[in-house]
Structure formats: structure tokens, C-alpha cells
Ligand code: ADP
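The chain below stands alone, shown as C-alpha cells; this is the form predicted on its own.
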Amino acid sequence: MEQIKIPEEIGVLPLRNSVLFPHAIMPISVGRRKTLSLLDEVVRNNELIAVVSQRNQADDDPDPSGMYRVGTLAKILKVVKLSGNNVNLIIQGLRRIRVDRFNNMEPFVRAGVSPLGEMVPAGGEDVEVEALSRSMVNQFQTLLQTSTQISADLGEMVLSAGTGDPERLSDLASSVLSISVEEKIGLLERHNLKDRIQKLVKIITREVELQEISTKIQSQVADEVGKTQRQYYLREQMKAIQKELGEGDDKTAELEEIQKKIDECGMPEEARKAAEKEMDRLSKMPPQAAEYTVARTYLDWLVTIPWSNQTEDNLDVIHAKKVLDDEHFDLVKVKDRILEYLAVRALKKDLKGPILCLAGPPGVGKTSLGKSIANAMGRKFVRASLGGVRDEAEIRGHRRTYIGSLPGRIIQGMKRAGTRNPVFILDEIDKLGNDFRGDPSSALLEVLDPEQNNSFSDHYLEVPYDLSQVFFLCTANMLDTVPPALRDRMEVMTIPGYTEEEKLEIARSFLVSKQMEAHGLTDENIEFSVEGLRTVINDYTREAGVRNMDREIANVCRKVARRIVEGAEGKTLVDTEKVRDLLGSVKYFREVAEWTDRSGIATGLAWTQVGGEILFVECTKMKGKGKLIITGRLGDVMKESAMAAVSWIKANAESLGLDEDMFEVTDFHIHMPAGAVPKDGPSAGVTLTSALVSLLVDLPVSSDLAMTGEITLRGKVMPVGGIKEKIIAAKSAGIKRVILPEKNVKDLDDVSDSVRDALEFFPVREIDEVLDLAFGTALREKAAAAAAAKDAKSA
């Protein structure tokens, strides 16, 4: 090895958590980019490498300051490529070297090195080295007998390989010792053989002493464990003696109490077997065991959830109707459904609980209706909010193998209710999420299926639980995000937004008295006029429900309360002027019909989350190439309606008295004001058609006329949704006449008589009927005149 030529520049392999010694063979696994680049170079050119240890083992790319300057010249014996970029190497140390300088760091580390000390030939040592070598062998053999960290085979291999060669023996022994990297570096940098062996003997002697102390400690621990086991055995004997004497300890009393609850809670046979099995395990555990608390908590859940306890339903339909009417205005369809359930329940006692879904905009009273249903039926009420729930375990619970596991929200809600037939409201079911942990909406499929929920399985309980007597009530703002399979299991009841008259009645009957009481006011302090409440509804709120109206009424009450405290006297009459004085400038301006004689404008009706709105469609034309421009932040469906309107007009240009050639040299621009508000849906089809015809024939659409309906390419007027909200918006805007699809006439039954009587309705089936109503005879006269002029020109 003395004749091995060390290159002037050599690749460096940084090593983590270990040190390579001369004569030692070491397997290592590499995967770092620089190391892989180094291997490509070395294997290709059959070169040697310098192996140095790095100071910080967590450093993936050590710089020169992060590596020791003493290392080992080594050659690669074998390279095994694994999957990915990982490679296994077998390397052999040749001799000690010192890193004189680091030349570069890319694509791998290169350094200039020099030999550290001279090689000592076998058999060339003096008497002192021989004595130290024998002492090292003796101590190493002692360490092998007591240590569990160095296998006997490895130790024997070290001793046999180093026989007669102290240099080799010292390096091989140093490589297998379980000591720190710093200590191994200290042995590596000692190039003087005698100094190195002296240091090595001290380290091995220290390891032998540490191993003896460790063995002594283990023996003491074993004695303590044996003592603990004897104490446990004696305690068990003591319990048996106490049992014979009629005496008992705390654990016995606790187990007896649990057993009593198991006997009394009325759980079914399958659940009882699971409880008895867990009781048997619990009785055999010491209270100090970690598993004892887990089993104890599980039994607590089994005996506290209601298995047989249930409330008696109040089946008095008249009483239930009074409670529902007293606490909620309108909502006739929902109330009728509840009363029908009570009536059938009176005739059939084992009727399963219904599963209703109340869908509607925020603030219309969906959640509070659940409390009213519970009051009317005399049942317990429990609520679980599902908004933002993403984990299936939130519904079904966690398995008991997890630390801190609990049942899901369904079983937790049943425990809070204390009865097996509460009114259980699942709030915001449309806002369930899903991710890699599972889909909670899928877990609800079993809960909300009357054919399956009589044996609902919670992961924590692991026994079936009967939910068939629960009155499930779900709430949602939108049904689009509810999975179809889940929606199919529920009876959906849509709650539309309130009209102005309904809001006024709700405010007078419920909200004003509630806020007056909440703010310490009486009839002698404040009085709300009808005009004042209408001002609050129209000018300071824009919503389908009444939540913001409630806030604004509370705002008025707070300001009046402050004035009273500051010394104001007399009753405050809250009329229109007083509302604006207390609440400030108007927040919302309601659209009103545009009274104009200009052509190219038509008034449509639209549905929004906060109620109905009127919608103006404006059209203009300019010289061009037949291009259609659509603006106003319209959705794809509404853009397609505009295209359908243009296509119908082109197809019927002759009957409308239009020159067909004009479409080739004219661009059309359709715009819907309030450009920042997104708009979509097919309901504006007839309005778009009327506005375009108005522009092309230069006839204004009657300003007291509004319309809604979808148009087809054949000119058919198709039904649309949101009729109630649209008609209410038309009345508020001063519209007198409304055009609607003939198939939507049935929806007028949902509109109050006062609104219906204030408007004139025109059901239509064809777009020709719409145009006749919009322009009267003027359109036909113009078309006839245009046709006559064309015939005269041809003649």
C-alpha cells in the first residue's frame, strides 16, 4: 500500500455518522447529487477517492468548513444501483490522508491530499507496542463477552484479521466500536501506532466499564419488575380475601356501578354482549394500566347514550299548529308537512321519523324552525353544524385504536339529547367538504336513509345504533353542492325569500317586540310606524331573509336607548324621517321601471339569492360585419339566449319587415347595466328578443311592461323559475303588466292576493304573442308597410 500513488487532486466523498479506517471494508448507501456525480467519474476512470467525515450530520451539502481535514484514501470494491437515484457501495480504506486544500465544490468536491504518517510493516513493532497490542486484544475480548452492540462473529473477524499486525488490528477494532464520530476522528488522526493503541486501550477499557454498569442497572430493573409482579399477585389475593369478607375497594365499586348501568340502560343484545366483553377485560386490568382508561371511557359511552329512553310525542295537531304559527310567520308548506306527520303518527305509532331538507337563502328561519318543531312535538332538540366538516370520522367517529378517539357528531348529539327520538338538525349540509381523509357526505348516506339508519354503525361504538325514531331536519342554502345520492334521501322543501309585506308582518309581530325587550324599551319609549319599517326594509336591507332587518331594528333601539339615558323625554316615533336620522344615509336604492320612449330597451325580471330584481336590457347597432357584442358580466347560458334571440330575428326578418341584408353590414351590442354583478340563466330570452326587435324596427317597448321566459329557435316560450320573487320585484318597481310563460301560470298560486291584484298577467306560448303585447299593432303595421314597399320596388 506504500506504493499506492496519491493523485494531486482527488474526489472527496463526505460521510455521515461514521468514519472509515484503513484496512476496514464498509458498505454505505448514497443518493446525494454530488456523490452520484463523483461515482460516475470514479467508476468510469477506476480512480481512488478520499473519504472524510462531515461535522454536521444533517447537512446535505457540506462546505469545506463542515468536513474534517483527516480522512482515508479508499477504493470502491462494488457498486449496486437501486430504484430511484439510490446506490449502495462497498468501499475499502487504504491509508490515512490529510486534506491540504479544497479545490472546487462542483459538480462534486475535489481536494488536494497528502499521506498522513508512514505505513508500519507487519512484524516491525517494538516490545512496548507488542505489550500494548496484547492488552488491547484482552480488553477487546472482554468487551465482546459483555457487549450487545458488537456481534460475536464481527469481533472474531476483527481479531483473526489483525493477528500479528497491530496496525491492522487497531484500525479494525476502532471501526467496530460504538463510539462518537469525534472520538473515531481522534483515533484516525493519530498516525503514530503506539499513541493510537494507547488511546484505543483507554477507550475499550471505558466501554467495558460502562457495559458492566449497564448490566448491573438492568439486573436491578429486572428485580424491580419482579417485585412489581409479586405486588400485583398479592393485591389480587387481597381482593379475593376482601371479596370473601364482603369488603371491596374503589375499583370494585366502580365496576359494580357500570354493571348496574348496563343492566338498566336497555341496550339491545348485540350492544350488551360488547359491553359485557369490555367489562370482563376491565375487571382483569389494574387501574394503573393505560388500557384501563380507554376501556372505561368506551363503557361510559355505551351506557350513557339513549338506547331505550324516549319522550312521548304531543300529537295534538291544533296545539302544534298554534306553536308553529306563534313562532314563525308564513312557511305554510313546511308547517303543513309537520302537521301531516303528527296526524299520521297518531294513527300509526311505529312510524319512522321523516328526513326533511329545508333549502333557502340565509335568514329565512330554517334553523330556528327546528326548535319550533321540537317545541310543538314535545321533543328534545339537538343541532350539529356541518359547515366546513371535511373528515368522515366527524360523522362516524374514530376507531378506538387512536389516542383520544371519540364517537362522531351523530352519536354525540344523541348523548346530548338524552332520548332516542329528538329533533336533530344537521345545519349547513351544503357546505360539507371532502379531502384525503374521506367524504363526510358519503357517511351521511346511512344516517339519512330510513331503510338503513335503524342500524347505524359508528366506528367508535362498533355496535349498531337505531336512528329510525329521530326527526332529521337538514338545512342548506343551495342544493347544487349536495351530492345527488344524498339529496335523493331527503324530502326537499324550498323556502323562498320573504316579500316586502311578509317582512313587514314579521317585523311587527316578532322582531320589534324582541328587540325592544332585549334593549330594555317599552311602548312608552318607542313606537315603530309602518312607514318606518318599510323604510328599513327597502332602503337599509337587501336580503331574502330578515336577519339584516333584525340588526337594523336593533340598531334603532340602541340609539333610542342612548337618547333616553342621556335625558331625552317622551316617546320616539320611528317613521321614515326618524329612521334616516338614526341610521344615516340610504344604503340601497331599488330599481324602478324606466319611463322612456327610446327604442332598444326592454325590462326583464330576474331571480337572485336576495329576492327578485328587474333587469334592463339595452341594445344598439353600428356599422360592421354582423358581429354580436354582449357585455354586462353575463354567464354562458345568458349569452346563448342572446344568440338564440338574434338567430330567431334573422330567421323571421321578412315577417318583421326587416331588410335581411342589414345583418351583414351591422354590428349589434347588447348590454345589461350593473356590469359588476354576475348574471346568468335562460330567463331573459324573451326580453333580449323584444329589445333587439325594438331596436331594429325603431319602436319603444311599453315602459309599464316587464317580461320573463326562455326562448327557443322556433320561437317557443319555455317556463322558468323564481316566478314569485320576480313578480314581487315587478310590483315594487312600478310595473303594471307582466308577461310570463303559460306553463308558469300555476306558480301564481304562491303569490299573495295583494300582489296578484296589483298586476295584470299575460301568459304566452310564442314569441309572436310577446311582440304583440310589447308593441301592439304598430309592429304589424310597420311590417306590412315594409312588405308593400318591397313589392313596389320589385314591380
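Numbers for residues come from their place in the sequence shown, where the first is 1. Predicted, not measured: the structure shown is a model, and the values here were computed from it.
There is also a form predicted together with the ligand; it is not shown, and the following applies to it.
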Between the options 338, 305, 546, 432, which residue brings a heavy atom to within 4.5 Å of the ligand in the model of the complex?
546
Among 575, 189, 539, 327, which has at least one heavy atom within 4.5 Å of the ligand in the model of the complex?
327
Answer with yes or no whether residue 550 is in contact with the ligand in the model of the complex, where contact means some heavy atom within 4.5 Å.
yes
Does the 4.5 Å heavy atom contact test between residue 365 and the ligand in the model of the complex come out positive?
yes
Contact test in the model of the complex: residue 644 vs the ligand, heavy atoms, 4.5 Å
no
Residue 361 versus the ligand, in the model of the complex: is there a non-hydrogen atom within 4.5 Å?
yes
TL;DR on 211 to 219, 292 to 300, 507 to 515, 192 to 200: the one with heavy atoms within 4.5 Å of the ligand in the model of the complex is 507 to 515
